[in-house]
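Two forms, one protein chain; structure tokens for each follow separately as structure 1 and structure 2.
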Structure 1
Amino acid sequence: MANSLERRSGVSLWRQIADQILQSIAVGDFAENAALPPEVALAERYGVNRHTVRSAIAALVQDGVLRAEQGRGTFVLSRKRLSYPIGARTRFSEGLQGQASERRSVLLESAVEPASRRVAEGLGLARGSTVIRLETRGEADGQPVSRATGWFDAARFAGIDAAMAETGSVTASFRRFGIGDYLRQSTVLSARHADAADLADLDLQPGAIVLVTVAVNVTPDGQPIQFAETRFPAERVELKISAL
């Protein structure tokens, strides 16, 4: 287990400790049902007081990663991250099939706005062209697992917000516009701390890490139809990249 903390990073010490415990679980340093070291030992290892360690453990207990048993200690729960595939045909519901019995996308907000330079380039439009922005949240078995912002050419996809609200699916919404298939043209990956909006929408603790994909989807003949940025909570989801 790593034990270095960045005291001037702007991220609270308890959150950094929680993230390092999560990383240790992810790489197999702690097996399922294994006991964590005592609070005193963790406090000495990280150079903090027991209250800071206790805050980190409490957050992970609340997230369902650990369980605390009075008089016995703190133990790792059996909890596997979802594996979300990114490939030539990336679909939310299909990607999580077999890993979650209930999968759905919820439309949180929609707006009509002028395209920024980034969005216009992604969609092959002139800067300032009118686009429709959809804010959605993906859920698996009732737990938030993604938060996406998608943009669509308003001239071609007028009413896609209503279609998304009704179907809960980008793929089903595209079918209403005569698009039966589409492909992933490009995906750029990064990671960052979740901002305030994503903390709320994904039910995360401050300092949590999100994996970010910026993607362009196109029709089979190469016409851009969607530019999207999606955030996945790293503690719940891993991204599996296949050849595009």
Structure 2
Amino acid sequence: MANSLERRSGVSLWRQIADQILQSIAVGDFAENAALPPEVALAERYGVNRHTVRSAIAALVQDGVLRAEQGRGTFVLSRKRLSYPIGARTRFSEGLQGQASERRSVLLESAVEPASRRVAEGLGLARGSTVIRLETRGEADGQPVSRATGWFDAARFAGIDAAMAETGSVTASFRRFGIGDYLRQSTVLSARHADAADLADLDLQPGAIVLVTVAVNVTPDGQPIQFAETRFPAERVELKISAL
């Protein structure tokens, strides 16, 4: 199971090693609060120079995942990844219950704009219809765990931006428009490297991976009410697809 590395790949060895250490922590190979194997041992395991391992560790220390103590060793700080549920009734705040003591959704920005083709199709609107775009960030225990862009039909949901700003909850905002329940119709999932915006929004180190979901929420009778793209930091979040 000792995953090997790829040279001249465009991804530096120290970053690949940092990724593998993160993976080992997530899987449980490196236990929380325990010491990592010493640098020389890791260097041998990965078949690289000790300095290269040190670069990987330095990045993870910078990232708050590890703590190095001279003479003693290097220790695992990080908690496990959050498991974010995806199902018919996916809601941000409920999903993380029990996994994080404090969680909230912050409205970063809102705008009114014409719908792109993609958004119009998702919401079942005519191309060029006016939509409201909301940019939000989800946080759990003060750490960003999601970054969403949501679109709503401006004709039907005028003022939803204010409602979101006030309540901080999509569910609560929908309630003001007479929508007591809604369902997730579809979710399409992909993954890519974080771009500069992701890095800033999610407080990630360069080179990180983000999970991307594109989803449509509908009323119980099937009317699309929200089209959303959400980015999750793969190192902090996994998605649990629950029975729908």
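In this text the structure is predicted, and so the values were computed from the model without any measurement. For numbering, take structure 1's sequence and count from 1. Under this definition, the rigid core comprises the largest set of C-alpha atoms superposing within 1.5 Å between the forms.
K.L.:
Can you tell me whether structure 1 or structure 2 is the form predicted in complex with the DNA?
P.N.:
Comparing the pair, one sees that structure 2 is the form predicted in complex with the DNA and the remaining one is not.
K.L.:
Inspect the rigid-core superposition and answer whether the C-alpha of R72 shifts by 2 angstroms or more between the two structures.
P.N.:
Yes, the C-alpha position differs by at least 2 Å between the two structures.
K.L.:
Aligning on the core only, does the CA of Q223 end up 2 angstroms or more away between the two structures?
P.N.:
Moves: no, less than 2 Å.
K.L.:
For L189, is the CA shift between the two structures at least 2 Å following rigid-core superposition?
P.N.:
Comparing forms between the two structures, the L189 CA shifts below 2 Å.
K.L.:
Superpose the two forms on the rigid core, then give the C-alpha shift of S24 between the two structures in Å.
P.N.:
S24 is displaced by 3.4 Å at its C-alpha.
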